[in-house]
Structure formats: structure tokens, C-alpha cells
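Quick setup: the C-alpha cells below cover two forms of a single protein chain, split into structure 1 and structure 2.
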Structure 1
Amino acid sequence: MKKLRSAFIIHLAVYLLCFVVWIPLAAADNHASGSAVSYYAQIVPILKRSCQGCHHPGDPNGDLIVTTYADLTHGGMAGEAILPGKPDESLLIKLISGDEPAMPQNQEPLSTEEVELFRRWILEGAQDDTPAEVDALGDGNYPTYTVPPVVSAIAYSPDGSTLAVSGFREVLLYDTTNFELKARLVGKAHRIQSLTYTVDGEILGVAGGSPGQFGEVQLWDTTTHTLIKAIRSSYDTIYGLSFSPDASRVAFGCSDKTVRVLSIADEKELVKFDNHGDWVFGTIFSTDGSHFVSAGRDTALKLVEVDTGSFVDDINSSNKGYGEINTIARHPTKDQVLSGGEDRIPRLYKIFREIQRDVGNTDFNLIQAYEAQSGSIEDYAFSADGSRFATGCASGETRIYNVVDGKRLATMQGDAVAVFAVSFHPDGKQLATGGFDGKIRVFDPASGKLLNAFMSVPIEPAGSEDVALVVTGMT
């Protein structure tokens, strides 16, 4: 059976099952050849695919941003990009057409048909037909669930008082004594893929997005439960959020094969690393914050210098056939990274190479390979003291190991189908898991005993009409 990857296959399936009231349904083929070109249905998809990677708010190449109609028509350093009714005088047409078009950079040129769409749209007046977004959430209105969604991310706060759990467009905060719901943080991103706290616990970082629309980093004040800022980057859901040790920067992986590092203070994109060959699912900073490690579908663990964005090394030997990497985690106090995914074997690596690479591309950085899991590895968690780690697997099983000798300490059924998220309580006396069936299970790591189990979200009777957005699906 093919592995169930939460970042892609599982969440795609769930999205087909999870219907919400607001869904934009414009499609390019609904427009006959003789009708007006639609900006929203025909132009925007091309901009997302070929242009937004270099022209978004975090990295406005040439001061040109194309993520919104207003920014696109405003233009950049070279002046107005679009002159309505005058395609041949519009800078945008000059950049995307010709024998050797200047845009998009480092990608296939737009097809003749696509260039003609832009030309016709501008000739027709470059109208914005984006439908108004109706958002019934906020001001105390929350999603109403008839069944629980897949749990893709969980995290204990550094002081251990709170367990953060992913929902649909929200993060739910539970008290860790009685596991009562104490707050709900609702944002714009439909999917929540990653949750992590700053070391001091003052900020909860959220990574996710809305598929095919935007990726988003949300930063929440953990004292007031208010949104500090939401930073959009890339045109699709983002993954594997991590904070630098001083909490001045965030890193995350993208489906456009890049890793982005942003400055929290001014939201500026500091690094756009594009040396991966496929989707990037995980990022971690080194203990001093000078480097980051990233990993994903291309099987590679890559080491990058933060200040320069320079690629330093492949930490692992990607020619060993280990398979796609779904998750990575850094040891709490050491420059060591735990990697796992498709081939089901946890591997612990030194982040910095101590032995010169040989022609055989030997796995010199490997500290230890642990026993194979019962399914593809979907998430890791280290205990706060770094002595143990837990695995969450697509088989629904969770295991706990000694880091040093690899001894298996406990085995638990963390989900009825697949575990996508695991987290240790800071005191080491709780391990929380979440996954496909939407339940949170809390175990005693020492004995493997189930301490508590509850739905990740409040469940309402079907047909509830007291809020404007209802999420349905399957367990």
C-alpha cells in the first residue's frame, strides 16, 4: 500500500471530503473563445505558476508584485506594467513575449496562447473580475464541525500549560491538566501544516495556506491570543516551520521546491533557497542559528548558511535510495538532525561534516540508524532533555526510543489509521499524538498507558446553522 503523506495525499483526500460554504469556482474553460478574458479564472493561474515565485511581497523582484490585482497594475521599478487598452505599450507584454522573453526567469517561457491571453485581457481593459471574498469567521465565530478533521500538527507550549492542535482554518488550544478547550485562533489559511513555539513561549508560529492560492506564516501572541502578523509567501501551502534560536527569523519549506527564510521584524525574505528537486517538508536551524537544514521529497538533507543563503553540504547520502523524507527534527541541545520518511527507518545525523566526502558518497554524517517502523514516518518529537524521541507513522503506530542505544521503550496505537503529529510535554510525562481519525491521544511515555483521548475539535450535530461555515468529512 502506498504511504499516506499528510502534506499531500491524505490532505488532498480530506479536502475532497471537506466541503465549506465558500469555494471559488471559476475555471478557465468556462470562457468561450469569443468572450472576454477573465483575470481571475485565466490570468491569475498563470501568474501563480510562473510569476509569483519571484514577484511576491517578501521578494518583489524589480519592485514588481503580482500576487494581487492592485500590485500587478501598480507596476515596479520600470514603471507601470499594464496600460489598459494598450497591450503593445504595456511593459508586461514586452517582458513575456519575443524570441527570448525576459520573464519568467529560469523557467519555460509562456506559451503563445498564454501570451495572447494577456494581450487580449489588456486590450479589453485589464478588468479585475475577482469575486468578493465572504468570510463569516472572526469576531467570535468559529468553524462548526460535524466530524473531526485530520490532525496534521500539534505542539506543547514550552511551559507545558497548553497543547496546540491544528483544525480547519484554526488552531485550538487545550489546557494540559484537564484538556479543556481554552482558546481558538482563527486565521485565513485553510490548512494548518506546522505548529511551533519560540523558545520563550511568547509566540506560536503556524505554517499552512490555502492550496493553489497562498502559503502563510501566522505569528500569535500566546498571552493575548491575538494575531501579531500573517505573512504570505509562495502560492501554495507551506510546511515545516522553524524559528531561529533568537526568534528573529522563520524558515519553512514550499511545494515550489524552495526554502524561504523571513525576517520576523520587517517580513523581508532573507533567503530563497532553490537547490531542492521536489517539495520541501521540513526545516530546522542549527543550535547557533547560523545554518538551516531542509528536507523533502528529493530524499536530500541539505545544509545552508543563513546569512548568505549559500548551499554548504548534503548531510546525507541521497544516492542510497532511502526514499522521500517526510519529517526532520533537531536534537534539543546538539547539532544533530533526525530524518525519516518513506523507507520507515529513523536516521540520526551530525549536521556538520567532520570527515571529508569520498567518491563513494559514504554516509559519513550518520550517527545511528534505528529499527524500521511499521509504516512510513510522518512526524518526530524529541523529549526536552534529548534522551528520547517518538515516531508517528502512517500505520497508526507511535513508538518511543532511547536516542543513545536505540532501545525501544514503548509502543502505542496513536491513531486508528495514521499518526501525522507527535509532541512531548516539556516534563517528559506526556506524549500527545494526532492523525487521520481526528482524535488527540495522550500517553504516559514511560509505560505507554493511554492517559486521555478526546476529539481535536468540538463536534456539533449535523445540520447546525448557528454559524456560517460548517466543515464536514469522514473519520
Structure 2
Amino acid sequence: MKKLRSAFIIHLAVYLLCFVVWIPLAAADNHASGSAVSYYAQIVPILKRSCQGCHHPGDPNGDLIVTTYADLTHGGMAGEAILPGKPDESLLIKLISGDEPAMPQNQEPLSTEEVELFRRWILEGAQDDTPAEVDALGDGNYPTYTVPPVVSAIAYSPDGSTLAVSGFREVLLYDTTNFELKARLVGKAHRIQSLTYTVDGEILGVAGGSPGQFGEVQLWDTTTHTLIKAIRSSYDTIYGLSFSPDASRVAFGCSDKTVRVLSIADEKELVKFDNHGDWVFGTIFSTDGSHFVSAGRDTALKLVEVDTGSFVDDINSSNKGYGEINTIARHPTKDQVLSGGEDRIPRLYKIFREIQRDVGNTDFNLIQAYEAQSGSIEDYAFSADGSRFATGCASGETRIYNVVDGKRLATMQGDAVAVFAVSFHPDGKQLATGGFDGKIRVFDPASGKLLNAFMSVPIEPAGSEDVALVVTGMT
């Protein structure tokens, strides 16, 4: 351990030395030749070393984020920190120069050469010269896999013809008659966390993102298999996508503890609800689309009005210690929400309360608590007619229940390790599961019999040469 650490320190020292030596040299070089200051090669390294620690998305001091060009030029609390062409009027220059520079706060000031780089870069128009991202995937180039990825989301299309399955950077579409792969939808988001079709089946909504970089909602045309639009939101993977009943809006949960509602047509953020205490994993709209319900790690099930973005009610009793909520699902036709997670008990609630809450915080909205599952609950699916629901559990088990009398109808092994996704075929005659072992299993919900099992992605033989991108397990 000690050895490792000293090796690391030497590396770090060499690395820092490179910066110290290289930057002034580069500055001198450029000055001599008169070439423009490069944002990508010269400004970004200084921002990363001296500014990013206090100006990143997780903790943006002064509301200023410097991790992307767009954020840096957007500015902070005081407005734009950079005025292209006018270094002396730019707040950033004022704060990093002078006798006792305010920034970087409580640290060694930047060197005269570094300040000069910022000044010249702004004078020259503060351009972004970041090279375009080279992407080997898309346009017929698909990810290749030597091991199956964890399946985090699956969904049957409303017409029952297609089963959509999450992969790495892609969604795979399977024909539900022969389970052959019929299309692959490759996007930018590395992780896919949620798949949802609009009621009419015309759009497949995909939510996910690339951890620490961006969250993304992708909307795919289900006829042409083309991307209609990709909307980025927050700085991390997003969860629990839902469409409003008229498919004009989407809601999703974020790891920054917010729930966001976007208008699809103009991509405007209509609601940014920040009344949760932890990551939000699930969202659903009420049957008329006027409200949404959100839930997550903070154990709360919250009701919010969409138009005003205001909090209306805590649906569950927050003082019961039910544990983190991993998933919620709305009854297909009623204003009822099924919630589940850490404490393994599925609970069905009325979305809108009918009785005033008492001081004892009684669980008034609760319609029914069902039998405890064999592991924490990871996903739910209602049958299209709303008579049954299925659970997917961290134990690998999947069960089917009658909604009304709570009777268990079937018990199935949905995954060797853990089930993360379940979906009912609209005709009620198939139930598909996906999870940790990367296999899709299709069951007969009536008998619990396994009808089919197949790998969620095509697996390349190990050592194959023409591998564009090899995915090794969970990313």
C-alpha cells in the first residue's frame, strides 16, 4: 500500500511538473509566433487545476461552473464572467489579476503568464476550439460485446410487436413472435435506465446518460427507427422516465435530487422540483396529466401539480421507515400508484387523498400492502387491463399478483442474480424480465412457465479482431 502511494506521488509530481514547465513555454511560444490562444490546449488545463474544484456542477460556488465551455461562458451569480473581446471588463480577469487576486480563492494566485493567457484568449474572442468528438458508433456501427451488459430496462410496445431492451449506448428491439433482433437504436448516452412507449406507441422514450457528464432523454420514431430528438438535462444519468397522457411532456428523476418536467415540442424545462432529499428513481403522471408523483432514495412519495410545479401532498407516511423507494408504477386506468424498494413490500396508494392527514401521520392513502418479496423490489409492471402486477426483485425472483385480492398467481426465477426490469406484453400472455446476468427471460404469466430465454445483446467470441468497442461488464 505504502509503495503504491509513493509511486502515485512520484507520478503526480511528474504530472504537475509537466504543467508548470509546459504552460509558460507554450505561452512564450504562442506569443512569439502570434498565434491565437487555444481554449482547449491552454485554458482548460488551468481551469481544471485551479478552478474546477470549487466550480463544478456538484458545488458551483458563485453559481459558476467551469467544466464545459457553455457553462463557463454562461457565467455565474453576477452574470457573464467573460465578455469576448473585452478582457478588462470581464469579471473573471478582474478576479484573477491584481495585487491580491480573489480567485482561485485562498490559493496561490495564477502566474502572470497564465493571467496573460486568459486575457489574450478573451481579447481574441474567447473561442471554443475543442475538437469535435470522434464517435465510432452509429450509422450501422454497433457496439460489440464479449460479455453481456446488465439489463436495466425493458418495455413491450403497446401493439405487442416489439420488446425494447437496454444495452450499452443502445436500445435493442426484438420481434416478439420469434425473438429475433430487428433493430438497434444507438445514441450517445452510455447508460440506459428507463424505457417507455407513448400510449399510441409512436414514440419510444429512453432515459439515461453518461455518469458525471450528462443526462439524456432520447425520443425515437418507432416506425422509421430514427432519433426524433435527444434532450440533455442535469449532469448525470437520469431515471424513471414517464410521458404525460397526451405525450406532450416527459418527467424524470435525477441524482441531483430534482424531478424535471420538459415540454417535448420546444424542449423547455417546465418544472424543476427540488423537494426530495435524495436521488429520484421514479416518476408517473396522474391519469389526466395534471399532476405527477415522484419517489426515490429519500423514501418519500410526493404529489406535485405540473402547471405550477408546487408540492401538493406526501402520499405515503414518511415516518413509517419503509426504506428507499426504487420504483413506482401507475395503474393503467386509475389514479393509483404502486411503490416498492428496500423493505420488499409492494404498497398500492391512492394518488389523491380523500381524508385529512392526522397527527399520527396514518397511511390514509394506502389501499393495500402486499406480501413481502424475497429481495428488494427493483421494478414493477402492470398488466394492460390493470388486473395483475409483476415484481422484479434483487433476489432474482419475479412474482405476479392479483391487484384486488393480493393473491400470488405465479413465482418465477427471472434472473440468476437480480431482476432489474419487468414488462407485460399488452395481450397479457407474455411477461419479460431482464437483470444482472444479461439474459432476457420470457414467461407465460398464467403458468409461470419459461417460454424463451436469450442474451440481451449479440455476444462476440472472445479474441475476435474487428472489435470497434468492447464492453466489459457494467460501465
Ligand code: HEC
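Numbering runs along the sequence of structure 1, starting at 1. None of the values given here were measured: they were computed from a predicted structure. Between two forms, the rigid core is defined as the largest C-alpha subset superposing within 1.5 Å.
Here the chain appears twice, and structure 1 is the form predicted alone. In a rigid-core overlay of the protein, residue 117 has its C-alpha displaced by at least 2 Å between structures 1 and 2. Relative to the superposed core, residue 46 undergoes a C-alpha shift of no less than 2 Å between structures 1 and 2. Annotation for residue 66: C-alpha shift of 2 angstroms or more between structures 1 and 2, rigid core superposed. Superposing the two forms on their core, we find that the Cα atom of residue 81 is displaced by 2.6 Å between structures 1 and 2.
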